[in-house]
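One chain follows as structure tokens, the form predicted on its own.
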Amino acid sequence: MTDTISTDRIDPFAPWRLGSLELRNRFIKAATFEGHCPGGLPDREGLGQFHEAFAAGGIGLCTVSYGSIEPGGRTFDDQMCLQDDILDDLKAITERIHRHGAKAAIQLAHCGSSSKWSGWIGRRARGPSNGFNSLGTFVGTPFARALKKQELTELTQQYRSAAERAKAAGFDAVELHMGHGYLLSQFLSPAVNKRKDEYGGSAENRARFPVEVLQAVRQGIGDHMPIIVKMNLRDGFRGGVEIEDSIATAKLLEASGADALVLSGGFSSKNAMYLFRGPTFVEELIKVQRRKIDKLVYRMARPVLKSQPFEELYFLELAKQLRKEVSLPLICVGGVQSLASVHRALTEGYQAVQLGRALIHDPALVRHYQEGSKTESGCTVCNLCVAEMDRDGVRCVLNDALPARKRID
């Protein structure tokens, strides 16, 4: 256990060891879907330039997103699937990150019962329990079926294989996505997981499959490659994961070999703005869609994309409760918009910070902080960068510091 408040001032720019991996500082680029995988294949140049900008800008660890463990684990056609045929492209991207002194991580994920991938048309998405798939209603996957135990075993092996491929592609760490309403988050959430076997019921049972995935990945990549877990502190809606559940999960993850936890929240199909905070981007997201069916999908999504008040470090108070119960490093994400917030996060229980929107606005923000030329991000938290992922790839609407995506028609 650790104290909530540290009496020592941590230098965010000093080298920091994450497991056996030494990072040049405590700043991590958060995994934010980049929109640079047209047709599911990484655009070597565009995706490489995207992440190279952060590495050159001083980030310690740069996280590539979203690496599905199998084709059916994608929410959209333009998300990558971490298979052998893209390893050369990923090697080129990790090399571009490494040449600037940064380390590279990749987020491993599966969308579970929230598939909107056209390859599932005519088939049922798969999740912890039978249920309604609101995201796939208009593309042929309106219902999800419960995964069988044999399928859980197969998925666990696919997580392990994906992590092994990530290691072969030159990544220095992996991030297991256990939050935001994706597959492992669905198992953790009592609102979605209604199973009656050993994978449902108590918080410990609901964490069983995610823990098995963590253990399998550890076996696959060995002890020297860090495993970061992104998990929810709260799902953000009634009946979902609450802080007591996440504390129980965190203890199990710590005992099973996780090297650090990214503490987030929100559920993409039920309350997505609990993750983002600030004004909704749904109307702009509707506007940029090319297909009428996609416009209709996002119109139907308006109830889960309602604006929510923004404040800096909006998960801090919940994270303090979890900090009292576990000893492994905690990584702050959510509302880190100033250097003062970085220092506060590191003083009040976190060991590192993840930056998303602030870095999309200014890829060199870490260097500017360190040089003293900036103390605050210029990000206005308008959230329109999220809508840009469906136009030209994620970018800040206030500038053009990041590359536009290559289109294929």
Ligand SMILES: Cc1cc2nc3c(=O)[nH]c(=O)nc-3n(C[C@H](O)[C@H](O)[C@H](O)COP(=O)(O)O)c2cc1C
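Note that residue numbering begins at 1 and tracks the sequence as displayed. Keep in mind the model is a prediction, meaning the values are calculated, not measured.
A second form of this protein, the form predicted together with this ligand, is not displayed here; the remarks below concern that form.
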Exercise. Heavy atom within 4.5 Å of this ligand in the model of the complex: which of Arg160, His177, Arg206, Arg323 fits that? Just give me the one.
Key: His177
Quiz item: Among the candidate residues Leu275, Ala250, Val282, Val217, which is the single one with a non-hydrogen atom no more than 4.5 Å from this ligand in the model of the complex?
Solution: Leu275
Quiz item: Counting only heavy atoms and a 4.5 Å cutoff, which of 368-376, 352-360, 36-44, 52-60 contacts this ligand in the model of the complex?
Solution: 352-360
Quiz item: Contact between Pro128 and this ligand in the model of the complex at 4.5 Å, heavy atoms?
Solution: no
Quiz prompt | Contact test in the model of the complex: Gly334 vs this ligand, heavy atoms, 4.5 Å | solution = yes
Quiz prompt | 4.5 Å heavy atom contact, Leu18 to this ligand in the model of the complex | solution = no
Practice problem: Although this ligand is absent from this view, report whether Val386 comes within 4.5 Å of it in the model of the complex, heavy atoms only. | Solution: yes
Quiz item: Considering only 62-89, what residues come within 4.5 Å of this ligand in the model of the complex, judged by heavy atoms?
Solution: Ser65, Tyr66
